[in-house]
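Next up: a single chain in structure tokens, the form predicted alone.
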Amino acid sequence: MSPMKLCVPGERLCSTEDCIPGTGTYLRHGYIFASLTGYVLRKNEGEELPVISVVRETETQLLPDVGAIVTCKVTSINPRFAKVHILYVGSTPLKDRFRGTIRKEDVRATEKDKVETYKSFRPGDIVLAKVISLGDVQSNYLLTTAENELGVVVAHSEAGAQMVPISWCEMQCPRTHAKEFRKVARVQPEYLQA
């Protein structure tokens, strides 16, 4: 199901065997129906089944869209990709948790084959990225940091201090002066207020 299916009140969305009813829906005879006009949203929230809800048009502006610049926090990394939580779309904070993935080949524009994820991001980093494709049922968005403006904007060193960027691929701890590798964003002034 694409994330943007429109529905009307009383429309049957799915069976309770497939989904858990969320906001904007009601249950009847083992089926989940829309209780308002809006967009159908299916999200896994850790339960066995995805939660299905209906959101009004005004609230859908808060869904990350392809091409949107998002601010996210790295939750885990492995050699192939970094997993993130999307916190902001542009400068708008998201109410819901959206997950994203930055694949190794989407970290930077050049020498993609030489990218090492752990030299680009660390868990806890705040990263500016761009949405390249919408999520699947798990609402897992594919993101890229391949432009100069994208990448790590806030990172803390092992000593716990906020690091200072010293080049596009290194940040330095002001406390210990230790350097750590990152895919550093050349931050545009308009993103700094976040």
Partner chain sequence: MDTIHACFKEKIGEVLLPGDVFSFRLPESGDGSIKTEKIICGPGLRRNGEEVQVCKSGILRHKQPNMYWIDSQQRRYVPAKGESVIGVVTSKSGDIFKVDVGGSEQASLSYLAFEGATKRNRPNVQVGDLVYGQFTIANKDMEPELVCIDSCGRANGMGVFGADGLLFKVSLGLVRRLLAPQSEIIKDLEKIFPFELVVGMNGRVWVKAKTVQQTLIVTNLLETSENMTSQQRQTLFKRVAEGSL
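Because the structure is a prediction, the values reported are computed rather than measured. Positions refer to the first chain, counted from 1.
As for the form predicted together with its partner chain, it is not shown, yet the points below apply to it.
Here the chain stands by itself, but in the predicted bound form one stretch of 121 to 129, 33 to 41, 48 to 56, 142 to 150, 121 to 129, has heavy atoms within 4.5 Å of its partner chain.
Under a 4.5 angstroms non-hydrogen atom cutoff, its partner chain in the predicted bound form has Thr176 among its neighbouring residues. In the predicted bound form, none of the heavy atoms of Thr92 sits within 4.5 Å of a heavy atom of its partner chain. Val115 falls outside the set of residues with a heavy atom inside 4.5 Å of its partner chain in the predicted bound form. When contacts are judged by a 4.5 Å heavy atom cut-off, Asp65 does not count as touching its partner chain in the predicted bound form. Contact annotation for 72 to 105: residues with any non-hydrogen atom within 4.5 angstroms of its partner chain in the predicted bound form are Ile77, Asn78, Pro79, listed in sequence order.
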